[in-house]
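One protein chain, two forms: both are listed below as structure tokens, the first as structure 1 and the second as structure 2.
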Structure 1
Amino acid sequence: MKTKLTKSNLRDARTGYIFILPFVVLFAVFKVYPLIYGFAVSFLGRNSIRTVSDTTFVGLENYVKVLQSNSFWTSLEKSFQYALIYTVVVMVGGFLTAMLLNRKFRGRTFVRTMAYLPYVTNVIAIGIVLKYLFNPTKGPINAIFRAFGEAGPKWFSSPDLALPMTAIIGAWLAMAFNTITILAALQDIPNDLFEVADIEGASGLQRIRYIVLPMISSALFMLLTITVINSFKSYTTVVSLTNGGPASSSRVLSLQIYEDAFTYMKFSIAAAEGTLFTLIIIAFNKILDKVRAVWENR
């Protein structure tokens, strides 16, 4: 049975469409159009400053070149390493911080505000400050090492430390979102469950295993999906701290895509790399969906 819309309902519906129209237009212009355009360019021979009209259709040639390129696989491996460190630190650190902030203590509101501050601070500005703090010769961090007779690590100029340090700092910047979300989920857990656990003599780890984790599992899986996606969006953090160095030891795939497109003008190659990268991220999300379904149905 169809419901007849009144003039008031039609006016409200029209008002709603007007309000969401700017978002739809901006989303189409800045998200949908670049996505379609980049996918189309990946099938063209536009690997120079020539315009699209001067290029020809080359089919899968760019994808073959990318898959045969050692730099693509090396950068992809760096992206996986960054993503692994980033995801572990964000998820574990966010959970532990939320558990601490969920306790009652003096100044809790101030501490919660400060914990969220890195998330809303400019990444480039933080990168400049951290590069000074961790400067191997002039920074105050290594000055502490020198006070004990040690030279101190070369934090961002060591091939072994550059990528892990960048991933950890990137995770620290993003951890506040997970902390606040998990904290909200913790506050929704009924106190009755903890009272029963106290009566039964459950330890802290048992409370976490049998009460906390099952009750906030939906929030954790949602955050895990978002965190994995964000872990591959590492361009800004890498550029602000190491710019891919030293010796390409922290050159993740997002940085390579940018350089191929706007430094070497290999637009079609970069588009093919971006398309493959997107497919990899989608595959990871599908795997996480399967894991979540198994967890919820167990």
Structure 2
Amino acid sequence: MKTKLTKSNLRDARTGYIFILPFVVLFAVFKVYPLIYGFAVSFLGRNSIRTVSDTTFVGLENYVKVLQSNSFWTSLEKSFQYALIYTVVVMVGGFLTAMLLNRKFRGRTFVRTMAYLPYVTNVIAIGIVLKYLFNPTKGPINAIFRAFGEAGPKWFSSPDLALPMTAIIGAWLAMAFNTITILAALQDIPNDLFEVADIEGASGLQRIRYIVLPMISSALFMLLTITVINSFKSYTTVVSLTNGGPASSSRVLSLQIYEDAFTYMKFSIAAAEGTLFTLIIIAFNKILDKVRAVWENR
């Protein structure tokens, strides 16, 4: 009996490796290798169209150049500003929307469907109509301001608003994921807790503070992790809405990387920026994990 069991265990293990092999190999070739390759390229001298296949090792030269350039730090700061606004809007907005859609009211199914709609569309398509709606001189939104004798904000073409606007639009498009997850977590809260709250005469805010938030805190922390990861994916949103402008006021790091690589052909510089950005994001996530662990063990 015992030998038979180990034999079948061995067979199981072999099947296991065979079953994961295609996934792991494709993943290694197309997902992991580019990461390592980027790290390697960042130490080479591929900084012009003539040296695109160059293999000269230049040490830390690219990193020194990147760390000394103003544009790297400015665009890194823009990326973090975007990430911060995005995360706050997605987390708070997603939670509030879930609370609103969790109530019973007429037309709830329709309202929910509409609230999920932005999530399935892309910002390139919807960006065309958003730029139309927010057009400062002719758009319908500023028509409301004009009705009150004001010119209204310049939205995407205002240096102060361009970045927050793109972050808010990015967040609005992504928010439904959080809303749906929180709605599911809310279903798991035992009803007796609310019945007790009814008897005690707790206010709506007290319910949120003492029942809802503690009961869904683990879901919220998971969502925070995912939201923070997604908050650094700003390229498509920025390109479609402002293209980094006006006057590079919304030029996030990924735009800088794209430009350095594909406009100026400084591939190794761009690879160094990409590697630094990856390391910063990983470090940032690690810190967040620590904060979470401290919070949960308090």
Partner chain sequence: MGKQIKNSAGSKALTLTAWLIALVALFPFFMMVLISFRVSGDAYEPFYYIIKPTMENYKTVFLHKNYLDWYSNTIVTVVITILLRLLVTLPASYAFSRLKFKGRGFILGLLLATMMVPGETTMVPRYLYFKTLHLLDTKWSIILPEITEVFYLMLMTEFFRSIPEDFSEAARIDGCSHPRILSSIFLPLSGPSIATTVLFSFINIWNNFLDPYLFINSIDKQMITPALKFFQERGGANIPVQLAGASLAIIPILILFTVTQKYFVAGVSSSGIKG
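Take the two forms, find the largest set of C-alpha atoms that superpose within 1.5 Å, and that set is the rigid core. All values derive from a computational prediction rather than experimental measurement. Throughout, residue numbering runs from 1 along the sequence of structure 1.
Chemist: Tell me which of the two structures is the form predicted together with its partner chain, please.
Modeler: Form predicted together with its partner chain: structure 2.
Chemist: Considering the change between the two structures as two rigid parts, does the C-alpha of Val25 belong to the same part as that of Val88?
Modeler: No, Val88 belongs to a different rigid part than Val25 (C-alpha assigned to the better-fitting superposition).
Chemist: Determine the rotation of the smaller rigid body against the larger one between the two structures and give it in °.
Modeler: Hinge rotation between the two structures: 20 degrees.
Chemist: By how many angstrom is the Cα of Arg14 displaced between the two structures when the rigid core is overlaid?
Modeler: Once the two forms are fitted on their core, the shift reads 8.5 Å.
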